[in-house]
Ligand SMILES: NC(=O)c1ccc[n+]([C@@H]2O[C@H](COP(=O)([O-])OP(=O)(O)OC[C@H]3O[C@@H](n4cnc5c(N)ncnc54)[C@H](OP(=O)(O)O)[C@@H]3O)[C@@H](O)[C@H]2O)c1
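The chain below stands alone and is given in structure tokens; this is the form predicted on its own.
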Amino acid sequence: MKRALIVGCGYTGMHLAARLLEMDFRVVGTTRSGSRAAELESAGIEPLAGELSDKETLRRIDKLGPEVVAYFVPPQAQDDPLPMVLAATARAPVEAFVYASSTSVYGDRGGDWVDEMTMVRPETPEAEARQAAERQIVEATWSYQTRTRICRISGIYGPGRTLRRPLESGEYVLIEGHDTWVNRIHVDDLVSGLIAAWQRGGDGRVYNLVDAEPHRASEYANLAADLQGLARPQWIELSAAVERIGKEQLRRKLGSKRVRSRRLKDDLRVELQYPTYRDGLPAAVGREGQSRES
């Protein structure tokens, strides 16, 4: 039985784990929370509880010797565990170390198109940290001979992530004069992309995991509101947005780019189940409704 290690087993990690369990993997997921460990266990995932930087945690990772590693932990300001986990898996028979990065490394492009060949241009501390993590991944390809993949992801949605809560509370707002271009992917298609990156990806190669249609922020938010019987989000002025959501969050919200994912289709040969949000969002809302009824 093959072993998979999911580092940071949150929303996407849980969906990935479910697919790997269907493929008869032994799946181990890391968590720092005892209550979260119980949730993983109930889903058939073996919890590995503890701080990733702890020697005992790293020893257990080394002992596991996984064939597949999926790494979802965002870069940390201090004691970032990525280099430690790369070292702990260096002796394992790793078929792929899949690093979940972000399209934020491209920066704000004013709505222009970017693809995997576009030079990165991070503009926030978080994006700069992502770029630095990607460099560590590439270096591990050479120093440890680890078979790495870099997957740049944006706007994950699916059951449980349909903007319901921020729309209900009025937290989600749109900025007048700044209806930005955004990119999304349904979690089911994201999992297919991550698995394809493991199975058919190239060592040290970058893949944009987004769907086939960038769209305006208002288009997605308005459809999410309409499908769930909620009020459409409020438009506010830029000056009010600074006060309401803060400069850093506003800067991320104003970033505008259209991301191509040709390698997802051409190299990884993934046929999206939900090519656009217009396909995927109604399905996600419908599954949420079924869960509430059951």
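Each residue number is its position in the shown sequence, starting from 1. All values reported here derive from a predicted model rather than from experimental measurement.
FYI, the form predicted in complex with this ligand isn't displayed, but the following is about it.
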query	finding
Close approach of residue 32 to this ligand in the model of the complex, 4.5 Å, heavy atom	yes
Residue 110 within 4.5 Å of this ligand in the model of the complex, heavy atoms	no
This ligand contact in the model of the complex: residue 101, any heavy atom under 4.5 Å	yes
This ligand contact at residue 181 in the model of the complex, heavy atom, 4.5 Å	no
Candidate site 215, 259 and 272: all three near this ligand in the model of the complex by heavy atom within 4.5 Å	no
Segment that reaches this ligand in the model of the complex - one of 137-145, 116-124, 152-160, 172-180, heavy atoms within 4.5 Å	152-160
Contact residue in the model of the complex, from 268, 27, 52, 69 (heavy atom within 4.5 Å of this ligand)	52
Single option in 83, 74, 166, 93 placed near this ligand in the model of the complex, where near means a heavy atom within 4.5 Å	74
Residues in 119-149 close to this ligand in the model of the complex, defined by a heavy atom within 4.5 Å, in order	130
